[in-house]
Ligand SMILES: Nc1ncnc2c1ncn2[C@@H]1O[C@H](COP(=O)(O)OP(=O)(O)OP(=O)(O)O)[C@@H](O)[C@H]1O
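Single chain ahead, by itself, as structure tokens, in the form predicted on its own.
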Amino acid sequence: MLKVESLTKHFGKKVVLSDVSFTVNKGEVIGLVGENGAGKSTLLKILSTLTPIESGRILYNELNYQDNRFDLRKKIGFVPQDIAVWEDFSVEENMVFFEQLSWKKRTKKELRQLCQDMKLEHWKHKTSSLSGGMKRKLNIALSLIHDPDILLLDEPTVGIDLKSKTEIGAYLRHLAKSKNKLILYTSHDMEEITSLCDRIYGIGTDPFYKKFLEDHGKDVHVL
């Protein structure tokens, strides 16, 4: 279980997160919604250990983030909003390069299977030649090389075609339900959020998101 307790974050005098508390269980896909600037990306960066905790507490399986940062990093996969791949490398070269930096060693066969599971077939193709959807799939595949328990995704399907978006969503559901992964997912696509996520947390006070989700039969808990 991931447990967030009374998390607060300021940037200068601006309050980005205020007394945020929630829990996520393994096997769940949790959606984070809110207007631009509400603090969704900041929350994911804190959960990924890239941004330090200002006040409050985060626990994963009773391990305190502040005391076990190095060990917890091995359990976390983070997919940033910006695509972070080597454009001049092929898919294969990207996977092999990042595997060499990984906590967990994988064979080339395992790396290729990981891509195939996501319907990313262009193993030998230069990444710069791929569609936006294929690059997004590669971005996710790289984050899974070390087989993390927790997967944090910041708008991983923004700007891509419906087919790729659907395939990514199906794969994430598979990871959560069959592999018992704990997934947090941000998106501005409310249809995607309602179809993909088990539970939804709203960050900020904009009532639009709460009403939209309630109209579509989904509970949203405001953080």
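Don't overthink the numbering: it's just position in the shown sequence, from 1. Note that the structure is a prediction, hence the values are computed from the model and not measured.
This protein has a second form, the form predicted together with the named molecule, left out of what is shown; the following refers to that one.
Screening 195, 49, 41, 64 for any heavy atom within 4.5 Å of the named molecule in the predicted bound form leaves a single hit, 41.
Screening 102, 131, 81, 90 for any heavy atom within 4.5 Å of the named molecule in the predicted bound form leaves a single hit, 81. Remark: all three candidate residues (36, 155 and 188) come within 4.5 Å of the named molecule in the predicted bound form, counting heavy atoms only. Heavy atoms within 4.5 Å of the named molecule in the predicted bound form are found in one stretch of 28 to 36, 66 to 74, 166 to 174, 52 to 60, which is 28 to 36. Contact between residue 16 and the named molecule in the predicted bound form is found at the 4.5 Å heavy atom cutoff. Taking the partner from the other structure, the named molecule in the predicted bound form has no heavy atom within 4.5 Å of any heavy atom of residue 208.
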